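So this first bit is one chain, no partners, the form predicted on its own, shown in structure tokens.
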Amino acid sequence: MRAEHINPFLRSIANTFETMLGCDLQRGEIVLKKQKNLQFPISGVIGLTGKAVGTVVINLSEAVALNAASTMLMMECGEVDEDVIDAVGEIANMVAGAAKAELEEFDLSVSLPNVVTGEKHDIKFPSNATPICVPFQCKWGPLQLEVGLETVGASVAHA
């Protein structure tokens, strides 16, 4: 995964949290994903296909998921329920959609969002994609972005 491929996702998550949720993110160090299980119990997952294939995961602590959903829905969310799950899916959709718009050369299609919950869950990335992990901190707590995106065939190299 190259820097020019991850930067649209970094800009997108920061912009989504700032404009849609009124919440600034502080980014941690970008690292290759090493641990199998995700750190936090709620993940919004989006698949990407086209001239590149990959997966985008927005992994949220429960506090971040509840506060983000409360902000989006303009009502207090006190537990992870269907409303919170829908909100997390929509956040993942906004992040992936905005990044897709910056990666036009890949003609990407974005899947419908899936939300996975539970302690120590794992999301599989395409076998040829080496995912990166970017931790963030916000006023509600920690979250992380994981992205694995790899080009398909030689057609992109000539684009």
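From a predicted model like this one, the values you see are computed outputs, not experimental measurements. The first residue of the sequence shown is number 1, and the count goes up from there.
The same protein also exists as the form predicted together with a further copy of the same chain; that form is not shown, yet it is the one meant from here on.
Going by a heavy atom distance of 4.5 Å, is residue 69 a contact of a further copy of the same chain in the predicted bound form? Taking the distances in the predicted bound form, the answer for residue 69 is no, it never comes within 4.5 Å of a further copy of the same chain.
How about residue 39 - does it come within 4.5 Å of a further copy of the same chain in the predicted bound form, if we only consider non-hydrogen atoms? Taking the distances in the predicted bound form, the answer for residue 39 is no, it never comes within 4.5 Å of a further copy of the same chain.
Distance check, residue 124 to a further copy of the same chain in the predicted bound form, heavy atom within 4.5 Å: Yes, residue 124 lies within 4.5 Å of a further copy of the same chain in the predicted bound form.
Given that a further copy of the same chain is not shown alongside this chain, does residue 26 nevertheless sit within 4.5 Å of it in the predicted bound form, heavy atom to heavy atom? Looking in the predicted bound form, residue contacts with a further copy of the same chain do not include residue 26, since no heavy atom lies within 4.5 Å.
4.5 Å heavy atom contact with a further copy of the same chain in the predicted bound form for all of 55, 110 and 117: All three within 4.5 Å in the predicted bound form.
Please pick, from 94, 134, 103, 129, the one residue with any non-hydrogen atom lying within 4.5 angstroms of a further copy of the same chain in the predicted bound form. Checked against the cut-off, the match is 129.
For the heavy atom contacts within 4.5 Å of a further copy of the same chain in the predicted bound form, list the residues of 44-83 involved, in sequence order. Residues within 4.5 Å: 47, 48, 49, 53, 54, 55, 82.
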